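Have a look below at one chain only, the form predicted on its own, in structure tokens format.
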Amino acid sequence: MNVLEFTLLVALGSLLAGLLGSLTGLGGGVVLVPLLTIFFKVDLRYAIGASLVSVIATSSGAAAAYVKEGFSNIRIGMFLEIATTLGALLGAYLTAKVPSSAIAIIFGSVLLYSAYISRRTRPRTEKADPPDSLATKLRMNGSFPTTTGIRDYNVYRVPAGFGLMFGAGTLSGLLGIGSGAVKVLAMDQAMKIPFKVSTTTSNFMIGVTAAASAGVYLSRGYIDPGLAMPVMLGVLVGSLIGTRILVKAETKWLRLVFSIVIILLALQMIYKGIAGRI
């Protein structure tokens, strides 16, 4: 395979990753890291560096469209970014201390748990709970458009969500995934935010988280422009396509796609990590 063929294939794979990342709030990195390491034999840390650059591109491409459509909750995103940015700096520091095989196993384990949790839909009775006092003081409650009109929602368990976001940021810096899987689940399950709002707000947040840890990877020489460029362009195009699909997509199908993609990738990464092939 020559350089041109490699670049085109990486760009195509990145486009698909960006599409999935935009639809599910994963940010594309969750698909890109296994894609680059398993199929293109790229060193894990260089794959993570390229993934972080692509995550910034995904956030830039998808977030603006979701904010315009009225899906993303900017107040929630900006508040939770305090925790994820601090976590991302910690994760980026730890990446030089943890072996690649261990990172791969952690990556896969987190994804498997994310897939399990994402299939658990919340009981409808929880939607009638009274508003959370802290969320109300922070003016986090909001609304988003649906096919039947504007739907209002309340936010709950803000401290739990903040703590989970610190963990999500740490995973982002360590694994280069944008931590979208953990962010979506923290907002959807812990804070009881509607799934579409969770995924779109995650897309809004991941760019800031990735930027915090990308600087560390850049200083260590783990970002290769020749690899990062086709990855970034492919993910950007894919994320813009995904924004048009998500607006009309059913939540149950988004959950299904979310689960299937990360289960397959999790099993691959765990196997490669245990076998020492990464």
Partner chain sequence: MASSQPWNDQRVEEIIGNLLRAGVLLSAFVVLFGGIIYLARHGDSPANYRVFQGEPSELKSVTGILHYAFALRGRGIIQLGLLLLIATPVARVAFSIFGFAAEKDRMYVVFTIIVLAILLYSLFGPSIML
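Note that the structure is predicted; figures quoted are calculated from it, not measured. Positions refer to the first chain, counted from 1.
Same protein, other form: the form predicted together with the partner chain, not shown, and the subject of what follows.
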Hey, of 104-112, 185-193, 146-154, 73-81, which bit sits against the partner chain in the predicted bound form at 4.5 Å between non-hydrogen atoms? 73-81
Is there a heavy atom of Val33 lying 4.5 Å or less from a heavy atom of the partner chain in the predicted bound form? no
Answer yes if any heavy atom of Phe6 is within 4.5 Å of a heavy atom of the partner chain in the predicted bound form; otherwise answer no. yes
Using heavy atoms and a 4.5 Å limit, would one call Lys41 a contact residue for the partner chain in the predicted bound form? yes
State yes or no: in the predicted bound form, is some non-hydrogen atom of Thr85 no more than 4.5 angstroms from a non-hydrogen atom of the partner chain? yes
Residue by residue through 226-245, tell me which have a non-hydrogen atom within 4.5 angstroms of the partner chain in the predicted bound form. Gly226, Leu227, Ala228, Met229, Met232, Leu233, Leu236
